[in-house]
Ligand SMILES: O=C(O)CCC(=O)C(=O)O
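Next comes just one chain, in structure tokens: the form predicted alone.
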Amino acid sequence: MSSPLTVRPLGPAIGAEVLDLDLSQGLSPDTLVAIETALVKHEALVLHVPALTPEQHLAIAAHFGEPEVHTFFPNLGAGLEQITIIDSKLGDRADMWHHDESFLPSPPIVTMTQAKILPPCGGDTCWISMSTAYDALSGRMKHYLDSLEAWHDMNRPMTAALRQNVVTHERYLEVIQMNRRHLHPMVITHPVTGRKALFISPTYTTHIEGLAHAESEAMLAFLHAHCQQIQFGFRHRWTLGDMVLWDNRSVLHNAILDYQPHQRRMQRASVFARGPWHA
């Protein structure tokens, strides 16, 4: 069956855009399936949808799973609690490579963010295909990593934020007491495509279970450097109303903080799997 959408790749490893999404007639089941198919294939998908309503944003999110009511960020209010506001004027930032909330037992499987206020320049977001990065490893390295697990801990970026005076000591203690940390496989298998992907980040991954400290540090340093090679990535220059969806299971992202003192305001939904989040 042919797709109702025209999808154009934006990079050889990751990234594509939908050229002809018309929201005036609403979101049909066929359109939602086509969006999902394109996202699974390309890992990050750009929709040019300045007319997107919060209800439509939420409908797309609900197609993938259970939209999250975020613990830390404000939202659009009654009936739209799952649409989170990410605003630089409130001190919000995500200028580090990370999977969203990988410190949870079951992290979100998809995140989708729409640009509502943009700086005159700057404020791009970058993504890395961790499946392509895994594919580029040697066979021996893949075999070694397949049996390893690593800890993901929310305290790591909070400690850095405290040192940089980005958060108060009171907020730091509040987050630390939540004890948000979890042990995940370093390599996960996508439940739809069957592709393997590295599941680590320099933001949340603290150490590899069962390795000596020096070995863990050396291995993570190598893998982080390996994954950040430019050929594994995609960078998007936002226009107002753009929405980008990405597969949080197999993609790292980094929102570049290069636009201060200007404002950047996004509306975001993250989605939890209705079943197991990876195979």
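Heads up: residue numbers just count along the shown sequence, starting at 1. Bear in mind that the values here come from a model prediction, so they are computed numbers and not experimental data.
Not pictured, yet referred to below: the form predicted in complex with the named molecule.
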{"item": "Which of 153 to 161, 188 to 196, 174 to 182, 98 to 106 lines the interface with the named molecule in the predicted complex (heavy atom within 4.5 Å)", "value": "98 to 106"}
{"item": "One residue of S131, Q82, T203, T125 in contact with the named molecule, assessed in the predicted complex (non-hydrogen atom, 4.5 angstroms)", "value": "T125"}
{"item": "The unique member of A13, A255, V271, V18 whose heavy atoms fall within 4.5 Å of the named molecule in the predicted complex", "value": "A255"}
{"item": "Triplet I86, W238 and R264 all within 4.5 Å of the named molecule in the predicted complex via a heavy atom", "value": "yes"}
{"item": "Contact test in the predicted complex: L148 vs the named molecule, heavy atoms, 4.5 Å", "value": "no"}
{"item": "Contact label in the predicted complex: A136 to the named molecule, heavy atom within 4.5 Å", "value": "no"}
{"item": "4.5 Å heavy atom contact, M141 to the named molecule in the predicted complex", "value": "no"}
{"item": "Close approach of A94 to the named molecule in the predicted complex, 4.5 Å, heavy atom", "value": "yes"}
